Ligand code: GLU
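Just the one chain here, laid out as structure tokens, in the form predicted on its own.
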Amino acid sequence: MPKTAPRTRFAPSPTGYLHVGGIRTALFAWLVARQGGGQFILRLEDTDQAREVEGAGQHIVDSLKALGIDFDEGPIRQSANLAIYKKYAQKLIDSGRAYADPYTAPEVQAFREQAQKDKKPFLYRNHRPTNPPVWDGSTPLRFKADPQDRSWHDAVMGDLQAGPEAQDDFILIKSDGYPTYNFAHIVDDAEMKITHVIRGQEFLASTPNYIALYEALGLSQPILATMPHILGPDGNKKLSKRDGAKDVLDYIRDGYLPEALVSFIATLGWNDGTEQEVFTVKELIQKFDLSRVGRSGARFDEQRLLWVNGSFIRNMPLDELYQKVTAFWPAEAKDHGDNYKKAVLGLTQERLKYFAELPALTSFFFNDLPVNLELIDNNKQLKKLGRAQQIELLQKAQASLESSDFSVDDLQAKLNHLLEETGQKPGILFSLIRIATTWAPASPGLADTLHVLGKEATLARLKSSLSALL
């Protein structure tokens, strides 16, 4: 028989922005679908109306699209399917596997408190009513569990099992008429013919109840794959917003490349068995395998994300990179032409880790930065020279550069000759000239920088710097 094309889904609740944990779940589901020539579906699980945040659904759509995670169907809202859930609920009622919950909230709380006094776990099924009323929608509808030993295979976690104590009578439909997640996602997955259910570790404890519900409804169980948590920078607890779990769109706004974010997130807990650390989207689709997702948590390391993003930037053709950084230039760049800005970008590309750094790395190319003698006086090597020697070295540099044609080769030759003439080390002489011509904490190679700045600007800045030192 031909293999069935996978149908996967990402089903977040529209209760806030997406950070890397949710994005990774979506990405893995998308990769499974794309690798197998199947479909990826976006479903918004909005049955908890009280917790929904206005605009969160659109934010989820925007986040996925920004990363190139396209969906074939959706976004589909659960709240539009209430009639379908009631049909499945009636099926459970008719088979004796669901009942109206007659208890008030204070009565349920009393059951909990009694279990605590008896030092026993609270299980609702221990208080299951013998003669429940007919369900009319005004009270919760509960699933009637059949606790037993259950075992299942998880595509990530392997063979798992749970005993009767892990199964209870859970709510299917609330008194407001909306289904719970525990019920709705089972129905939706069946209706949408989902083949793989990929979700976070927080749902693992509830899986025995889900399996019982599949059985009670006569549904085939899809492939289950549980994603371990993404851990905070210290590796000790689940990543949270307080640990720097930023909105994924904030990364895009800061100038992180979508393909770099995808590569980084994919390798949070997954590898292809090689030493490769950076993957194109095409490579991920070819190589991804749920069986190679680790069972333990993966630590979120923002420094590694910077490295991955920088790697993509370094390997990008200059013309393509130039098109992408249009919105990130410092304000003064508007007065300069494309060729000049492209030359500046070519020098900066090797050091650029994300686009929002561009103004800090390039401002001195477009604007004379204020003289900051602390850059010289706080330099361990330069402050040993003394002011008179600093002035002497810059005067010799000025005289030498005046006769240069300012090609990179000629500038390098002039600078090398200055080293011989002065007997100084490059780390001293070149640092002094670099500071005096840029007044920036760092810059690209000196000859390249002076070449792009040009003769007029370079000599004018040396003259200004000498005046400040005198």
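Just count from 1 along the sequence shown to find any residue number. Nothing here was measured: the structure is a model prediction, and the numbers come from that model.
Form predicted in complex with glutamic acid: not shown, discussed below.
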Practice item. Flag Phe203 as yes or no: does it have a non-hydrogen atom within 4.5 angstroms of any non-hydrogen atom of glutamic acid in the predicted bound form? Key: yes
Review point. Can you check whether Leu172 is within 4.5 Å of glutamic acid in the predicted bound form, heavy atom basis?
Key: no
Point to revise | Gly21 within 4.5 Å of glutamic acid in the predicted bound form, heavy atoms | key: no
Check your understanding: Looking at the partner-bound form in the predicted bound form, is Tyr214 within 4.5 Å of glutamic acid by any heavy atom?
Key -> no
Revision key, fill the gap. TL;DR on 98-106, 341-349, 193-201, 360-368: the one with heavy atoms within 4.5 Å of glutamic acid in the predicted bound form is 193-201
Check your understanding: So which of Tyr181, Trp152, Phe328, Tyr322 gets a non-hydrogen atom within 4.5 Å of glutamic acid in the predicted bound form?
Key -> Tyr181
Practice item. Please state whether all three residues Arg9, Pro12 and Glu45 have a non-hydrogen atom within 4.5 angstroms of glutamic acid in the predicted bound form. Key: yes
